[in-house]
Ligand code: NAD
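The chain below stands alone and is given as structure tokens, in the form predicted on its own.
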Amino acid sequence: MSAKIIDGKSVANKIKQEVAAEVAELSKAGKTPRLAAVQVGENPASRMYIKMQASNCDSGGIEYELIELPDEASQDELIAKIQQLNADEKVTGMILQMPLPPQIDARAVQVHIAPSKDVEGMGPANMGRLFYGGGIVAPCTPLAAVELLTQTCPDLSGKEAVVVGHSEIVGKPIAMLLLQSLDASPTVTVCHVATKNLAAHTKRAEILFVAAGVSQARWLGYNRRRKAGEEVSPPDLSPLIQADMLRDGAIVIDVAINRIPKGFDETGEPLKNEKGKNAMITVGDVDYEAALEKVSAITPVPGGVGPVTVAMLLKNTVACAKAI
């Protein structure tokens, strides 16, 4: 068997075209969507995401505004800025860039974003609406993952679906999205760090979502302990889901993005590239090459869920603008 590779880029492009057409109609009616992004301090990874947001908004006709606060900004100052944007009628959507400085509790701030402007669908009100089967928006990554599934397999009724990972931002929302239909939902099992015999669950999955990020967590933990002076052995960075843990013909949606070293030398140092920096690779949670010979369809990493997540942010932004 040679699996179908689920092309996230093509799905994302289709969604972006639909978004651009909706934005054009809204603009004609004088309701051009405007997304405000709030950044506290300087973070290189966040800066890259901001550039991507601005570029995608621009190509889709969405106005984009970046509000930058200094690294030493207090939690109260950030909340005040969010409340100001909530009151600004020109702003139809808002996104809070992560990570935040240590003096700020992200959860305590997130709740202050007006649900009608919460384009990431991360606030408790929108999460609760997802549970009850309604609402305007939902978290972007789960939306992207389920979109790729339904593009590949439109009829989910009664199928065995397994979600590996139960985070509030990915695993749990995926499960809720799968259960939205009253009569055509799959049967959903959610696995997590305390699950016994994970393979017993994944082997029966006709549909498998994996969003655990185990390799990334192991690498970060090893790196942190080594920098602290501890003597530790290089971690096992092999994929969490091996081919023998997969059901023949399954559909696999690999949500994880693990940025890890290619390997380690005899001293435990990550292998270096030609520039003398750590030689890093980006992989998912599934042994992709081996899975290609066993499953019917699978998302690549990168190029699968990631591009569609960005498209879903734009789609959510339009949905919020329509609702105001």
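Just so it is clear, the model here is predicted, and its values are computed rather than measured. In case it trips you up, residue 1 is the first one in the sequence shown, and so on.
The form predicted in complex with this ligand exists for this protein as well; it is not shown, and the discussion that follows is about that form.
This chain appears without its partner; in the predicted complex, the one residue of Ile136, Ile79, Met98, Ile169 with a heavy atom within 4.5 Å of this ligand is Ile169. With the partner omitted from this view, the residue of Ile257, Ile50, Ile67, Ala297 that lies near this ligand in the predicted complex is Ile257 [heavy atom within 4.5 Å]. The stretch among 185-193, 67-75, 221-229, 88-96 whose residues place heavy atoms within 4.5 Å of this ligand in the predicted complex is 185-193.
The shortest heavy atom separation between Ala212 and this ligand in the predicted complex is within 4.5 Å. Val164 belongs to the set of residues with a heavy atom inside 4.5 Å of this ligand in the predicted complex. Contact between Leu240 and this ligand in the predicted complex is found at the 4.5 Å heavy atom cutoff. Interface residue remark: Asn126 is not counted as part of the site for this ligand in the predicted complex, having no heavy atom within 4.5 Å. The single residue of 138-152 lying near this ligand in the predicted complex is Thr141, the criterion being any heavy atom within 4.5 Å.
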